[in-house]
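Below, in structure tokens: the form predicted alone, a single chain.
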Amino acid sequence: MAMAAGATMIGALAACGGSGAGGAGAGGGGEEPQSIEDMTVGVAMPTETSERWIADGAAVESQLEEAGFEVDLQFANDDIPTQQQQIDQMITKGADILIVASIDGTALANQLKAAANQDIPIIAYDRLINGTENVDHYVTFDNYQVGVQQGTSLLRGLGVLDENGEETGEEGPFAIELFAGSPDDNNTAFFWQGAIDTLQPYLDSGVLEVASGQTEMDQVTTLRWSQETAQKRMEDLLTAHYGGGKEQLDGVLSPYDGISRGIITALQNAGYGDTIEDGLPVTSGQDAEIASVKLIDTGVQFATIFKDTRKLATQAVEAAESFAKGEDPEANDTETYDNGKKVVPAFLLESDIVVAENIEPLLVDSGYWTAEEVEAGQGD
């Protein structure tokens, strides 16, 4: 299946040098780099409506400050003009480096051009910024693998795969529906492709069936990753394809915990039961948000994908430190992330599937959440 435009995976390209400030290092082309203590990093985050992005912002800010930087952290409330204005202001106020988690990966070309004109290195954070050569580095998780893990967790929940990822011989058929993330987020296509590549053999063999017939990414996206939008779509799907004695729904591919909670609410309201044991369809997720971790712990949501934002923040800060020294940050992928203008050097981190049985070792023992927070379904 073809990838969405701007997110094409490329297997044989070398990283291209951009005209952004990172090519010369912070402090301007050929000039002696400033000391970190004299530098300000502008950090543009998309929203405070998701606890995941609140955690990212806090982790990046605290680690940058520990490294000695001044920090200008801004959240844009998922409003594109607001994020554009915030980045403009960061540049005007003299930011030396920018870390940007974009709302719309195609909407910041003018701002990044202005930054490049002032030799300000730009680090794309978790979401690739598209359509501009003025992106110097990208820190993220292996987003295709995240999608593979989402598809795998759904198959595990249905009993098609065991806990080791081995086929059980279960032939179904299982009725599933598919959800994808926001169409303006570059990561959406990677998540989708990893998941659909994992599920497609079982769709082809008849082990899985999609009653709605909605199996293309552009049919199943969820603008701004909205919980409410996902709930409404799930309600519509149930009414159109699963009501009045029609087949029961067995599972849902969900790309994000907020979307999962909207889906689960619609399913519970439709009488599917309060827990998976009661008949609630198996639902995947992503981000290990504490409300969904509690749902997993109590048998309501089956799984989520844990992307440790502390590690992502560390990688962003290390990239900022490299730029501050006039050096290129470490990259472990120089082929995959083509933004339509260049292949952006990237550093990819690994993620984990969380189910009820491994909440403690993955999330509690690592200090990401406490046992009390999991029990309450709320962070401190």
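Being a predicted model, the structure only gives us computed values, none of them experimental. Numbering starts at 1 and runs along the sequence shown.
Quick note: we don't show the form predicted in complex with a small molecule, though the next part is all about it.
Visitor: Name the stretch, out of 153 to 161, 184 to 192, 67 to 75, 111 to 119, where some heavy atom lies within 4.5 Å of the small molecule in the predicted complex.
Guide: Only one stretch passes the 4.5 Å heavy-atom test: 184 to 192.
Visitor: Hey, in the predicted complex, is residue 52 touching the small molecule, heavy atoms inside 4.5 Å?
Guide: Result yes; residue 52 sits at the interface with the small molecule in the predicted complex.
Visitor: Does any part of residue 286 reach within 4.5 Å of the small molecule in the predicted complex? Heavy atoms only, please.
Guide: Because a heavy atom of residue 286 falls inside 4.5 Å of the small molecule in the predicted complex, the answer is yes.
Visitor: Is it the case that residue 126, even though its partner is missing from this view, gets within 4.5 Å of the small molecule in the predicted complex, heavy atoms only?
Guide: Taking the distances in the predicted complex, the answer for residue 126 is yes, it comes within 4.5 Å of the small molecule.
Visitor: In the predicted complex, does residue 302 have a heavy atom within 4.5 Å of the small molecule?
Guide: Taking the distances in the predicted complex, the answer for residue 302 is no, it never comes within 4.5 Å of the small molecule.
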